[in-house]
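Below sits a lone chain in structure tokens, taken as the form predicted alone.
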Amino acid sequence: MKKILALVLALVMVLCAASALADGIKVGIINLDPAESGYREANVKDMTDTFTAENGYEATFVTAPTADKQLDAARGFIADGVKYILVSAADADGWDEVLQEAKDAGIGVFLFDRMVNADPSLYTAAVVSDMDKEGETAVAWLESLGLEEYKILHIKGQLGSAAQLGRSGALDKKCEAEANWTIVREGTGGDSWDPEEARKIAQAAIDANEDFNIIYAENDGMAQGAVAALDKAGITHGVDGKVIVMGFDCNKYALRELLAGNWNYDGQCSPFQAKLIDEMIKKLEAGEAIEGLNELNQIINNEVGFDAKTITQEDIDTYGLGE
């Protein structure tokens, strides 16, 4: 009899667990490749650690590094009947149609990390960085140096992404307005923000004997790749060097380079949006309204830039990503 009761109890526990899983909030999460950067690795982990069965979700995660694959994934989630779609957009354009399809199906869409160029009524909310401000902060820091000539090697991220548009936009605007600001050479690390592609861009400039005194790389990995070309050529860089090195994302290895004086500037970009989106979804599920959104249905991360001359170990411990 005791054995029968134990079996019945075990069966009930299994059924309860299955029921809990079935009752989980069904979400589809579209993200970029974690191998892209330390930032993206932290961002992906933040999402997978938050949207779990234990936290009340039935979550499906898709890695899609390009816009066409992301749109296909979103339509797959719509067909699958998820309740919410979360997406970090590879490209800011081209989302209107699929967002309308999601809205028509009664599916809420949350943007994270990156914005899209679409009417705010087509998505529920966005938890993002202000990429324009990131670029403006970096350019303002560069302007504060008061150099006679700004001869810039500009290494862009994934073309068309919100991060690339924001970080490039402020620099392009400054170079158009000021005669002593010149982009000597520019290129891109491609969809994967590839450090090796950045190294090739810097190497090509060196081989062509182009005179540059600034590397403006739109993430830390590409800055690291460009610096490898400088090191190979014996070109000094950093606080006391010939070339100023600028990156973005605040990976710990990059901030350590600042502390050592080998790099000059790193712009913060927070990868942590999952907790806030989780809270917003739980509010909606409880029939409550989301508070604190601006006119674009956004909540903006507060971010800063770090200077090699003022950064501390405490800054690295507090804001650094990865190891």
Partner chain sequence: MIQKTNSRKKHDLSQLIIPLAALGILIVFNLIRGIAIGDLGFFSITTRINNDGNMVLSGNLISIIDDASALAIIAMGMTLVTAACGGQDISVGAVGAISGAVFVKVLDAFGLDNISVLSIVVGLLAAIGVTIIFTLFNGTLVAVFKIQPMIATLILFSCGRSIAYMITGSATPQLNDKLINAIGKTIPGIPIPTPIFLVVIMALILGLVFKLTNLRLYTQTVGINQGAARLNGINPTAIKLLSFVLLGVCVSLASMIQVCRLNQLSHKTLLDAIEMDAILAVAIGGNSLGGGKFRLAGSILGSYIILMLTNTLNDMSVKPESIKAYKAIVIIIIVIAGSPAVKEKISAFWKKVHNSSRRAVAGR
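No experiment lies behind these values; they were computed from the predicted model shown. Residue numbers count along the first chain shown, from 1.
Below, we turn to the form predicted in complex with its partner chain, even though it does not appear here.
For residue 289, no non-hydrogen atom is located within 4.5 Å of its partner chain in the predicted complex, even though that partner is not displayed. Contact between residue 36 and its partner chain in the predicted complex is found at the 4.5 Å heavy atom cutoff.
In the predicted complex, none of the heavy atoms of residue 122 sits within 4.5 Å of a heavy atom of its partner chain. Using a 4.5 angstroms limit between non-hydrogen atoms, residue 186 touches its partner chain in the predicted complex. Residues of just one listed stretch (123 to 131, 140 to 148, 90 to 98, 205 to 213) have heavy atoms within 4.5 Å of its partner chain in the predicted complex: 205 to 213. Contact check for 23, 58 and 276: none of the three has a heavy atom within 4.5 Å of its partner chain in the predicted complex.
The contact with its partner chain in the predicted complex, taken as any heavy atom within 4.5 Å, belongs to 233 out of 177, 233, 79, 105. Contacts between 115 to 141 and its partner chain, taken as any heavy atom within 4.5 Å in the predicted complex, involve no residue at all. Three angstroms is the minimum change: in the predicted complex, the CA atoms of residue 37 and residue 184 sit farther apart than in this structure, by 3 Å or more. In the predicted complex, the CA atoms of residue 318 and residue 42 draw together by 3 angstroms or more relative to this form.
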